[in-house]
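Below you'll find only one chain, the form predicted alone, shown as structure tokens.
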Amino acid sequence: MADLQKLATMLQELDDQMAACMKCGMCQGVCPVFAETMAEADVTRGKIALLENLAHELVVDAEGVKDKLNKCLLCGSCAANCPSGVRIMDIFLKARCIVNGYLGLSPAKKAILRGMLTRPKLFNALLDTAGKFQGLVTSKADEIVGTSCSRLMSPIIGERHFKPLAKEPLHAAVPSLDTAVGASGLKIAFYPGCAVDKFFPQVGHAAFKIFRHHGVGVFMPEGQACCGLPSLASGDMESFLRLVELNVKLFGQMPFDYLVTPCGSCTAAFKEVWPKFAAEMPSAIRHAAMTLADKAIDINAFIVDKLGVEVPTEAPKGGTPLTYHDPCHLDKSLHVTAQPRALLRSNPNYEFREMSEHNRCCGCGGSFNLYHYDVSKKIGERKRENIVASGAKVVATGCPACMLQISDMLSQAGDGIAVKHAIEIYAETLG
């Protein structure tokens, strides 16, 4: 159990933040989880009612509180549509830290979050080894999507179709970079994120191609650590603060103009989540962490807004039908929506078609997909139906986590629709 005085302080902070909630129920209409379960406990209003008496509920049924809190995608749909401006994501993340501070982490989570994520070299080595032997227990599922499945692991992973670990992760192909500033006059730090590094290294290579084309100097230090979002989502402040410290020290080695990442969730973690927990950070790293947060930018926004890529006034017609899914962290947290569409429309080989409910959550939600796959899949199937209805042969997005979820849904249905990052489509235009 964590320090009781610390827990009491966090409980008081929660009470102050929840006072703004009017229980109007506007969150019901936009919550993807509630739409599938129709359970009041699954919607934000129900969770806040639970948290208002959190200290008592923890004594009565701490595990029950934990289960209800974790049944949330953290997609931010409720916060984006809250008329009172309640900082719901702050409340839920802090509440998870309180509950896990009271209960303690499970041995498995402790091993993953504190034993692996906070040791990037060990984390990479373990997954590199797993990647070499994954073929022994998996088989190809869909050539177009590039997914695999596994009967041997079905008791654990169910019927999921998943992206296999890359044969050559990005950190193996390009361990580090320090290139000179070119025509753009800009030097950036590049943070690919764990999923791009280990599942979608082609997205990282597309980014390098774009940086070279525009004369952007790139600093990519070796040994990058997780952004910390999985730790906070699991309620583990200890590993979150350790990951912040690792990244602050790593990126503090060299001056740069922007911290660019192709992962919407990582960008939101740096830019939105880190400042919310600045008070928890040691004073020795707080200022550097906030400087890093201030420089963080999504790669789509960097290319369009900072590099000034010119987009044709008329969208091309007659190419391969293409649609776009708005990742929750890019759309609802960072409001990056026009820039990826601009990049997609810049490629004359594709015809852009907007899908219905393009900014509705895909249902991934990180660990939500692991613990509540039945609900996650139902939400994902609705996304898949909208993609198919658009007539697209390619669906692009701006977050690798969404790419994993959408790949699973399209692969299981055998739709023959490829999944790509928006910058891959733009990079194709650069020869």
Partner chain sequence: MNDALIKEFEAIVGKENVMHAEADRQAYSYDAAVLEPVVPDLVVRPTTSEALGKTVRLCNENALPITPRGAGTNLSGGTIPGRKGVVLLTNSLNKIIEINEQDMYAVVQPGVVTAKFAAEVARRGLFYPPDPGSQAVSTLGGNVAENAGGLRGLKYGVTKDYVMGVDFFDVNGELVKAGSRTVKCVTGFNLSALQVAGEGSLGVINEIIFKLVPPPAANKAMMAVFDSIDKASETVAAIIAGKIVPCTLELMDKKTIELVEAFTKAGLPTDAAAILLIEVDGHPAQVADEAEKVVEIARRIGAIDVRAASSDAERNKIWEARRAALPALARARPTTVLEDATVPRSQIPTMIRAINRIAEKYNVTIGTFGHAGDGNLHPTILCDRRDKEEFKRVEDAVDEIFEVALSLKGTLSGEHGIGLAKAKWLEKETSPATIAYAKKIKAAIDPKGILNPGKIIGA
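Residue numbers count along the first chain shown, from 1. Computed from a prediction, not measured in an experiment: that's the story for all the values here.
There is another form of this protein, the form predicted in complex with the partner chain, and it is not shown here; the text below is about that form.
Contact with the partner chain in the predicted complex holds for none of Leu250, Gly264 and Asp294, as no heavy atom of theirs lies within 4.5 Å.
Ala39 is the sole member of Leu370, Ala39, Ala389, Ala55 with a non-hydrogen atom within 4.5 Å of the partner chain in the predicted complex. Stretch 81-89 is the contacting one of 348-356, 277-285, 199-207, 81-89, since its residues have non-hydrogen atoms within 4.5 Å of the partner chain in the predicted complex. By the criterion of a heavy atom within 4.5 Å, Ala20 is counted among the residues contacting the partner chain in the predicted complex. The partner chain in the predicted complex comes within 4.5 Å of a heavy atom belonging to Lys68. Of the heavy atoms in Arg45, some are within 4.5 Å of the partner chain in the predicted complex. Within this chain, Gly366 is remote from the site of the partner chain in the predicted complex, having no heavy atom within 4.5 Å. In sequence order, Asp16, Ala19, Ala20, Met22, Lys23, Cys24, Gly25, Met26, Gln28, Gly29, Phe34, Thr37, Met38 are the residues of 16-38 having a heavy atom within 4.5 Å of the partner chain in the predicted complex; the partner itself is omitted from this view. Inter-residue distance, Leu58 to Cys24 (Cα): reduced by at least 3 Å in the predicted complex versus the depicted form. Compared with the form shown here, the Cα atoms of Cys24 and Ala55 sit 3 Å or more closer together in the predicted complex.
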